[in-house]
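The chain below stands alone and is given in structure tokens; this is the form predicted alone.
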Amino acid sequence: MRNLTRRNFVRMLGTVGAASSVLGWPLVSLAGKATGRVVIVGGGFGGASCAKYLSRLAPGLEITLVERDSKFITCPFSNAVLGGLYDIDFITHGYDALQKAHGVKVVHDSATAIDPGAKTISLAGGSTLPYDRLVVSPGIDIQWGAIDGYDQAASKVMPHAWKAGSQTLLLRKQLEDMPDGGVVIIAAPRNPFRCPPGPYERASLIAHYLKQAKPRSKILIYDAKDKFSKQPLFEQGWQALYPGMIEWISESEGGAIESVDIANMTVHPTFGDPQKADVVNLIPPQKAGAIAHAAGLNGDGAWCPVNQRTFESTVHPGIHVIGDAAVANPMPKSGFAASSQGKVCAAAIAADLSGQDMPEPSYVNTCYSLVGPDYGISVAMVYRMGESGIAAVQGAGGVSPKDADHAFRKAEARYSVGWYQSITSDIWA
């Protein structure tokens, strides 16, 4: 891994054959050996990856994917929609290939309850699905009320846009309607939350739009942390591309938001003066998706503890939790990490149901961020099982160099698009 260029690293991760070697298990069919019914809840990066790779590893399984929506809109590259680089169709994907090419039954409904004893899952439409193994990949839910005055109704005025789709379009429209010289507030939560560099990429690409359309405007990032992912790289990019337009306010400077007044479009930090804005993008604290909490998979916390080798729940055996909802530290809550976990989980289930030992897993994550259309930065890491769980492989992966030239940043921006097209094609095409 140390000798790979970043470009080749991402190309390798984006291909099916190479994905098997990176993950540490051979992509060999277990046809005729693994039988049973596997239900997967959630058709995002984790759930859809698990369904596809499970169908390849064990074609004898009956695999059902439960997903409420007929199309999945990705959070990755939703910031590029906000910045005007792409439209919403670019980040929208369907499930036809999973059904037609891979034999996965897709049920468009919502899971409402899980009975671990009876091994059944109840759906909002009234039906019940039996399973031999269950995979729960529900993504995140917002912790409504964690910030005083911010509930689901308030998100229609101060969008969080941390679930891509209608909230993305609402925030984009608010930016378009804002006068030149207006103030945009982005409020970032404490860790852990979905996509650690996401709020700062969002500030970057909103600044790209404002620089062209409303150059007298300003962005204030109120942050409930004193440091953030890829901070030196983002700050260097802001200085180069948007000098004076973006201001970051750390927790120790009064960056944590305590309450909001939606009627007056004002945020109130834990200390310091209230701040009024034209547009407020409030990203609240998060937790595992609703079905995980309904089933008690979270134990007594916000996220779901798992055996990090197989992602089987430590609360309910026979149920696996992957993606943002799972406790998989030090892996971040990212789309690529969820996909990697989905593949490892598929291997664990296929091996177990076929009576074979699971090969030793490894896990990967790579995360690109766009500071501008021609300015990309990235981080990549390989993980393996250590004595106490998942651990980063020292010397593998890495972060973009801080003082790279324009050609390097432009290339990384180009690789970012290639990465997105590659991973989404691998999962949904």
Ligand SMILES: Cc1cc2nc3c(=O)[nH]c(=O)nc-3n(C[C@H](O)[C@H](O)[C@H](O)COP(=O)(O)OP(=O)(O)OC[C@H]3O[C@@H](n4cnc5c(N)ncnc54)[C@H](O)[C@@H]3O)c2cc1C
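Bear in mind the structure is a predicted one, so any value in this text is a computation, not a measurement. Residues carry their position along the shown sequence, with the first being 1.
Another form, the form predicted in complex with the ligand, is not on view; read the next lines as being about it.
- When contacts are defined as a non-hydrogen atom within 4.5 Å, all of F45, P138 and S334 contact the ligand in the predicted complex.
- Proximity to the ligand in the predicted complex, taken as heavy atoms within 4.5 Å, picks out 109-117 from the listed stretches 248-256, 346-354, 109-117, 265-273.
- Listed residues I319, C75, L171, I219 were compared with the ligand in the predicted complex; C75 is the one with a heavy atom within 4.5 Å.
- Put simply, of C195, L205, V260, L98 only one has a heavy atom within 4.5 Å of the ligand in the predicted complex, and it is C195.
- In the predicted complex, A338 approaches the ligand with a heavy atom inside 4.5 Å.
- Interface membership of D374, defined by any non-hydrogen atom within 4.5 Å of the ligand in the predicted complex, is ruled out.
- The shortest heavy atom separation between E62 and the ligand in the predicted complex exceeds 4.5 Å.
- Using a 4.5 angstroms limit between non-hydrogen atoms, R68 touches the ligand in the predicted complex.
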